[in-house]
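Only one chain is included here, represented as structure tokens and corresponding to the form predicted on its own.
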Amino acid sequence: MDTSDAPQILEHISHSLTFTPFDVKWIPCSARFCLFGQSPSAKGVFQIFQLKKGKIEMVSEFKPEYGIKCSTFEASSLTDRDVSIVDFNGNLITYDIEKGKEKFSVKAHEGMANTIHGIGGEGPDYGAPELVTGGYDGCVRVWDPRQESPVVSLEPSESEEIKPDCWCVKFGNAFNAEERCIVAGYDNGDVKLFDLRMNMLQWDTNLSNGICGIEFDRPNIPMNKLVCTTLESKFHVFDMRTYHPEKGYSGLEEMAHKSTIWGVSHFPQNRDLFTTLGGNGSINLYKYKYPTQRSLKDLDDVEYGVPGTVELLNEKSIAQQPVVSLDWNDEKFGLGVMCSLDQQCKVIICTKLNLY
């Protein structure tokens, strides 16, 4: 890999923490970000930092009762900028970030809640604001912040002796006010795609290893690409434009990091560029290249998808322990914030992305 002309991943600011971080998110349209985690005394940590003259300074701190596992701003408007979180007690809570006060709270799961994502905060053209959560109980639930009972609850079969743990969920296909789907990844390697408009399971597959991270390249366009990261150093990229009744969605499999790949994060400004988060403390930057033809026909004249290829543009060892969260800024192309299990929070810059 020749990296002389490739994008460079630079460490801009490093900040040591006194707690274990699990998630970090930029506050939309600002130079601030929220950091979430759990203190050594098993209490929740919710801190807000601000970029100021090449440094980061904490502007406010709140101490919820339970450790926070995951967060999202996606179901809130740019006017409110409320953040929704899930915690170690299975609660779903929406906070007013300026006051640190709860605006909505519900018991979402039995046991720990692992993951959350939102949709609909961009306005009525993309449908009503909704949140989706996944938990240790194996359930995936969709929530309307205006009511306390789930809109949809997808639960494992009662006949299953060992219920799979849902590790990650994401919304997608929300390109108008009617269409919407969710994709969920489980610890047994299952990936399930649910069509919320049709209220049915649209597709499922098994990738042999637990699904640690999952993300559409864009949630608010017709399904295009889906990246799944797993244990055992593998990630998969599926072409979601063409569905075959027998083969399903076509995809490719790649190896990376020589360790668990904890997550994936696409750049908001270029959906063909994405980064994977390594259990070895490194970040890999990839570019997806489309094939000359995205679909072909089989002998029965039925279309099936043709996967493209991925190119590793650069990699950067940035932490001593797994990188568990990375969020790219919507306004500044290449500006990111990440946290790792060695109790570090870092602001990073990725250069030359405009050339790709």
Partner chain sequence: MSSKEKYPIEKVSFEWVEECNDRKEIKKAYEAIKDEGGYYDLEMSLKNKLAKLDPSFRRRINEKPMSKEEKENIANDLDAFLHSANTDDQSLLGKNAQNIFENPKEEAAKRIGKRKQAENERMKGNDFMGSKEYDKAIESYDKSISLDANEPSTYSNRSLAYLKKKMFSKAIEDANKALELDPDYIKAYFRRGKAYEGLTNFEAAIKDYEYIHEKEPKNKKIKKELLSLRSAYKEHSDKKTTKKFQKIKIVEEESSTKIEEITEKKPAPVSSQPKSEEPVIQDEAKEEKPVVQEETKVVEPKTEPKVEPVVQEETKTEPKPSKDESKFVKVAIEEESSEDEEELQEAQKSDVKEQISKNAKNLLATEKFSEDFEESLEADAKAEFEAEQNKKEEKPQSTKKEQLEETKGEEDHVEEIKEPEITEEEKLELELLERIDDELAEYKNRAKEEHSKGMFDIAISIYEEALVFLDSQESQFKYQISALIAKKCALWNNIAACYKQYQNDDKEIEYSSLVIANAEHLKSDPNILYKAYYRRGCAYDKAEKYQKAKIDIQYCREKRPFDTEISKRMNHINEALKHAEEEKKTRSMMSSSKLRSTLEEIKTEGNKAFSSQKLDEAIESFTKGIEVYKDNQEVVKLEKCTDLTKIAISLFTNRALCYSKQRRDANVIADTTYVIENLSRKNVKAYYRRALAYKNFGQYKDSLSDLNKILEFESNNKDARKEQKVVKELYEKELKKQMEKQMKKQMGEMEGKKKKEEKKATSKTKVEEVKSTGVKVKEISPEEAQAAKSKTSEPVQPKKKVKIDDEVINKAAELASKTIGKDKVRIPNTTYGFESDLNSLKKDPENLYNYISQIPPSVFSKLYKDCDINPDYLVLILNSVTTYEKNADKILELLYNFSKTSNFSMTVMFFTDEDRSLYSELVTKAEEATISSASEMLAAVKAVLE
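Bear in mind the structure is a predicted one, so any value in this text is a computation, not a measurement. Residue numbers count along the first chain shown, from 1.
Below, we turn to the form predicted in complex with the partner chain, even though it does not appear here.
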| message | in the predicted bound form, does every one of Lys69, Val237 and Gln343 come within 4.5 Å of the partner chain, counting any heavy atom? | response | no
| message | How about Ser157 - does it come within 4.5 Å of the partner chain in the predicted bound form, if we only consider non-hydrogen atoms? | response | yes
| Even though the partner chain is not shown here, does Leu17 get within 4.5 Å of it in the predicted bound form, heavy atoms only? | no
| query | Taking the shortest heavy atom distance, is Ser30 within 4.5 Å of the partner chain in the predicted bound form? | reply | yes
| Should Glu57 be classed as touching the partner chain in the predicted bound form when contacts are defined as heavy atoms within 4.5 Å? | no
| remark: TL;DR on 320-328, 34-42, 61-69, 295-303: the one with heavy atoms within 4.5 Å of the partner chain in the predicted bound form is 295-303
| Trp167, Tyr95, Phe194, Phe88 - the one with a heavy atom within 4.5 Å of the partner chain in the predicted bound form | Phe194
| Mind listing which residues of 45-84 have a heavy atom within 4.5 Å of the partner chain in the predicted bound form? | Gln50, Leu51, Lys52, Lys53, Leu78, Thr79, Arg81
